[in-house]
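First, one chain by itself: the form predicted on its own, in structure tokens.
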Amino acid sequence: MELRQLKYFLKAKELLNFTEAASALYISQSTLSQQIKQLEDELQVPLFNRIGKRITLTEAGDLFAVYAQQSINKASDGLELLKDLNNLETGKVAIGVTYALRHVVTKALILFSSQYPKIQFEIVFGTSQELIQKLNHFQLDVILTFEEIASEAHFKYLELFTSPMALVTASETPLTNKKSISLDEVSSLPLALPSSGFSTTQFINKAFEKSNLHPNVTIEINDIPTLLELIKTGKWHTILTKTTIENEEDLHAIPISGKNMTRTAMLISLKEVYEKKAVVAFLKMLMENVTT
């Protein structure tokens, strides 16, 4: 069953004359008759009574006309919706982001929403592992996280910027006078770290192991805002990317010296998936914002 056949049927119903209906549709009468006959054969019921040159609707034709018109209307609505998608008049963007990159997303989100107010957003926070899992299950369009190796062949990776690993401490501690700090020095301090599921903790633990150091970790916590509140007391220190504490009051970041002590912020999406117009436009604005 084709939309074309439904349109032919509805025009014939309206005019109750095949010749006039064919003329109104700019097709031959034989084409109209053939298409309606094919529709009747598919439905296995006649839609018109044919009395000489006159036609009238059968009971089946009268009932079917309601659903035929609904189908035409739905198809028209769908076409308009697709036009809206292309013009960014509708749509939804689902973004996964790690806490350290929240500022990157929020700045771009404010700018984008002012320009395209009808686009809906779903922002999901989580660890890198959690977000990658959601991306693999098509629950997210794109994720922003720190990743050093483009390890998955079915992912598309786009580097944004690098950020040094830093010891984060309260602003009033004596350590704030230091321009940098070594891993050896860090290992002797009382540390409160993100829990092991966070990629930052996995990254720094590998660095400690490589240097044969045993850090003094007294607290592990899976909530970064709460972790930062603990650090502000001055009783503990933590290790995060420097960008994590952007715009945070009462905190100070001291870059950790040594080789490979930087992390790369990346946009990660699935390769073989259609990119929504809204996603493409948002990511373009996000990257322009990062550049400036």
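Take the two forms, find the largest set of C-alpha atoms that superpose within 1.5 Å, and that set is the rigid core. It should be emphasised that the depicted structure is a prediction, and the values quoted were computed from it without experimental measurement. One-based numbering along the sequence shown.
Missing here is the form predicted together with a further copy of the same chain; even so, the following discussion is about that form.
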- With a 4.5 Å heavy atom cut-off to a further copy of the same chain in the model of the complex, the contacting stretch among 25-33, 39-47, 253-261, 240-248 is 39-47
- Query: Which of these residues, Leu82, Leu111, Ile219, Leu158, gets a heavy atom within 4.5 Å of a further copy of the same chain in the model of the complex?
  - Reply: Leu82
- Query: Is Asp77 close to a further copy of the same chain in the model of the complex, meaning a heavy atom pair under 4.5 Å apart or at it?
  - Reply: yes
- Message: Under a 4.5 Å heavy atom criterion, is Lys107 part of the interface with a further copy of the same chain in the model of the complex?
- Response: no
- Should Pro215 be classed as touching a further copy of the same chain in the model of the complex when contacts are defined as heavy atoms within 4.5 Å? no
- Contact between Glu229 and a further copy of the same chain in the model of the complex at 4.5 Å, heavy atoms? no
- Query: Does Ile72 show a Cα shift reaching 2 Å between the shown form and the other one after rigid-core superposition?
  - Reply: yes
- Task: For Phe9, state whether the C-alpha moves by 2 Å or more between the shown form and the other one after rigid core superposition.
- Result: yes
- Per-residue C-alpha change between the shown form and the other one, Ala265, threshold 2 Å, rigid core fit: no
